[in-house]
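As structure tokens, one chain now follows by itself in the form predicted alone.
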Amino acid sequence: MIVFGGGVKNMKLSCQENLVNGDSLRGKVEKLESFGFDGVELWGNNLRDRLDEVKSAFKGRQIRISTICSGYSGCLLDPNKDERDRAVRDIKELLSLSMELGAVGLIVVPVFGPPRLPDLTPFMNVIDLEKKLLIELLNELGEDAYSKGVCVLVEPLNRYETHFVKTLDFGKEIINHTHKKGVRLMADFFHMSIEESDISRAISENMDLIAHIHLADSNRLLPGMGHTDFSAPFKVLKEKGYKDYMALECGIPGDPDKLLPEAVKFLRSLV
């Protein structure tokens, strides 16, 4: 059975490992824990090669590994089967590492940029073709994730980074056509500030599938440094009982040792 989150806090704050100063992962983890973070989001690149370092960095600490962000090769929606197979293989490997490290799961973007698959109109347009292929692949990957007690976190991006899954509604539409086992949505405040007409509504209506959140303001800096209203969506998250991780994925225009603790204070104040 997949168990997302828990604990007594209304939310669990996480931070991507690259955002904090430190000469080693152990030093970064210690620092993030002292700042008040509950988790660290790791990059998936070469994660297997540094597994011992990762385990050592978290040993004996209260802070946990929240999630793994990407790090796989290939592309799920490439016309070349070798590319798709490589993506599936790498994603399954990172799902295994998610299980081993106690993470919620792996963040997956179906495709970056323009379409790679052909437009087969009038038989089938490229979006419908992508949807059908992705549903089949998510069924396979979701089964694998479910068997490991973790999940595939599908991330909608903004229109400048993908042509495909750009809103939570569209992501939910795709997931609802799978068997849903092991597949969930990830909501990113930066992308939502561009694509969602109402962030609070988007979160509220897709809450049943949201298992992870990325935090960044409208300018992709720390929350509170742009014009995104975090208070209203956070109220929805609190009312809906969200208890999973929310990870900073943003720029830091200054000293992280000063600005990260301030970000924690700001975010905690919202709930």
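Start at 1 with the first residue shown and count on from there. Being a predicted model, the structure only gives us computed values, none of them experimental.
FYI, the form predicted in complex with a small molecule isn't displayed, but the following is about it.
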query	finding
Interface residue in the predicted bound form among Leu137, Val109, Leu101, Ile175, criterion: non-hydrogen atom within 4.5 angstroms of the small molecule	Val109
Sole residue of Leu129, Leu157, Leu97, Leu77 within 4.5 Å of the small molecule in the predicted bound form, by heavy atom	Leu157
The small molecule contact in the predicted bound form: Cys69, any heavy atom under 4.5 Å	yes
Non-hydrogen atom contact Glu17 with the small molecule in the predicted bound form at 4.5 angstroms	no
Contact test in the predicted bound form: Asp188 vs the small molecule, heavy atoms, 4.5 Å	yes
Exercise: Arg61 in contact with the small molecule in the predicted bound form, heavy atom 4.5 Å	no
Non-hydrogen atom within 4.5 angstroms of the small molecule in the predicted bound form for each of Glu161, His214 and Arg220	yes
Which of 195-203, 149-157, 164-172, 120-128 lines the interface with the small molecule in the predicted bound form (heavy atom within 4.5 Å)	149-157
